[in-house]
Ligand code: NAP
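Below sits a lone chain in structure tokens, taken as the form predicted on its own.
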Amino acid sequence: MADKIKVALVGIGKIAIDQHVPSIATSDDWELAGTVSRSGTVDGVPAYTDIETMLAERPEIGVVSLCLPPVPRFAYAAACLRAGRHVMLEKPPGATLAEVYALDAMAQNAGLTLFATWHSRMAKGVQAAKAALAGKTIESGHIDWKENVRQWHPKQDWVFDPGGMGVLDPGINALSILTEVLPTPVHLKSAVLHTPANRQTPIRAEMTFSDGITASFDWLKEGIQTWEQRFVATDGTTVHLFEGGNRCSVDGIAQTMSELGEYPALYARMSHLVRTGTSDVDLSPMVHVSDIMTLGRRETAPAFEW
């Protein structure tokens, strides 16, 4: 077996602790060799409080996985690429499309790997849905992506600041699945964005796309959380993805699921990209978010407090 790839995690918050750390720990491909965070650490792993020090002192760390919020991420990613490190980006890959295109150009010019990850594409039922819809024409579809921001982003005000995307932060997960499983691209036709009076980004959104596809995102869902997508093809085939894409049925019949979970699959993909000298920077889910923010009609919602 080839030597493990040394990786540093930047941004030791909830997503890093819940998903990235255990996925690295259980992989035969990876070794968590360092962390960068103002306050978070991982037991037994060398910790740094600034990226430049880590890059200067740890030349053997070849990959940096960025888990911090999207607005400050560009500067960290650019520093890593300038230092000759491969870079893995949490979703969304940046605050703007232009900055991710710039990072992609930097990586290509330096011969480095850049991976814009979409963890929901790695959900266990997504590839079964994609296979069932391959070569078909979509007649209609609907997405319900409804969860409780107080549960998943407790007191994280950045999600409601410019660049935080509001409900489109979880909603982009649904859009990453949509752009993976549909046989042909769709585009936005209209959207309504419900933005709290005291916040900058929406807390609910309704969207209409081409090919008869609609979507409803809600960040105030109490009780059972809902992450579902259903598509109907012109030949009558019905594909239902639920539990965030981790279960799939076709015409009511449960499909065989992939074995790896979302984040282990992301790290397996990153290992392949690094070892083969390639990149994966698909920005189609982020393009939809940009379109929603551009075309969306704003409506004022009640003020939101934690």
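Note that residue numbering follows the sequence shown and begins at 1. Here the structure is a predicted model, which is why all the values come from computation and not from measurement.
We do not show the form predicted together with the named molecule, though everything after this point is about it.
The closest non-hydrogen atom of N148 lies beyond 4.5 Å of the named molecule in the model of the complex. The named molecule in the model of the complex is approached by L68, whose closest heavy atom lies within 4.5 angstroms of it. Under a 4.5 angstroms non-hydrogen atom cutoff, the named molecule in the model of the complex lacks R275 among its neighbouring residues.
Proximity of T53 to the named molecule in the model of the complex: non-hydrogen atoms within 4.5 Å are absent; the residue sits far from the partner. Among G62, G40, P46, G261, the residue placing a heavy atom within 4.5 Å of the named molecule in the model of the complex is G40. Exactly one listed residue, out of R204, H86, K124, H153, brings a non-hydrogen atom to within 4.5 Å of the named molecule in the model of the complex: H153.
Contact with the named molecule in the model of the complex holds for all three of G13, E90 and H119, each having a heavy atom within 4.5 Å. Only one segment in the set 70-78, 185-193, 133-141, 208-216 has residues whose heavy atoms sit within 4.5 Å of the named molecule in the model of the complex; it is 70-78.
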